[in-house]
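Presented below, as structure tokens, is a lone chain in the form predicted on its own.
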């Protein structure tokens, strides 16, 4: 399992993924789930994958090598599409092609065809977009009403985002919130693990800023400890419940 989150903000996007892949408690590996596609002055695109690793890698390879467009008969790649919508459609077509190739055999062996992808970025002169592509090859896009998307083990990291993320959230705060969301997931699910891959995209810049965050990252350690301390202080500051037949001698 994995956890990937993308924040779609007025200033740009924050994209964060873990790197843990496991096939049991004694078979844990590290694989990057974040894939960057850049061409200077032309496009800056990030794909983050969750689900079956072999399926995910096949899809990522296909969008780079090319998928036949059903209408034009031309081969399209992530570097030839003319918009982010077309990039999402290309990714969906790649998912369906991988399913046609491997899906029936996987079903025979009782292996689910499990893949989901966050795809975000911008092409020169076009609109910044963030999409979530499903295992059927269909997709949705982030909007001002839904300014973040998640794939993988998302339930532990969702509450903080629901409460705090809006389109007006600054990129710096977006990075903090994404990391706190990831920390909540790391603490509650052992199938998600360090190191983390972080990419920040500033709208209209066509440049991706990337970091690999490990156990030794001083800022992430400080953030994890600070958030835990803040949560403990917050719950202790809440009034005592009026529902008990006795009153606590501790707290307000």
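This structure is a prediction, so every number in the text was calculated from the model and none was measured. Positions refer to the first chain, counted from 1.
Unshown form predicted in complex with a further copy of the same chain; subsequent notes refer to it.
> Can you work out which of 215, 42, 65, 207 has a heavy atom no more than 4.5 Å from a further copy of the same chain in the predicted bound form?
Flagged contact: 207.
> Could you tell me which one of 55, 198, 47, 192 places a heavy atom within 4.5 Å of a further copy of the same chain in the predicted bound form?
Here the answer is residue option 198.
> Any idea which of 152-160, 97-105, 77-85, 139-147 reaches within 4.5 Å of a further copy of the same chain in the predicted bound form, heavy atoms considered?
Contact criterion met by 152-160 only.
> Spell out, yes or no, whether the shortest heavy atom distance between residue 202 and a further copy of the same chain in the predicted bound form is within 4.5 Å.
The answer is yes: residue 202 has a heavy atom within 4.5 Å of a further copy of the same chain.
> Any chance residue 132 has a heavy atom within 4.5 Å of a further copy of the same chain in the predicted bound form?
Flag for residue 132 set to no.
> With a 4.5 Å heavy atom cut-off, would you call residue 180 a contact of a further copy of the same chain in the predicted bound form?
Looking in the predicted bound form, residue contacts with a further copy of the same chain include residue 180, since a heavy atom lies within 4.5 Å.
> Is residue 93 close to a further copy of the same chain in the predicted bound form, meaning a heavy atom pair under 4.5 Å apart or at it?
Judged by the heavy-atom cut-off of 4.5 Å, residue 93 is well away from a further copy of the same chain in the predicted bound form.
> Listed by sequence position, which residues of 101-123 have a non-hydrogen atom within 4.5 angstroms of a further copy of the same chain in the predicted bound form?
Going through 101-123 in order - heavy atoms within 4.5 Å of a further copy of the same chain in the predicted bound form - there are no hits.
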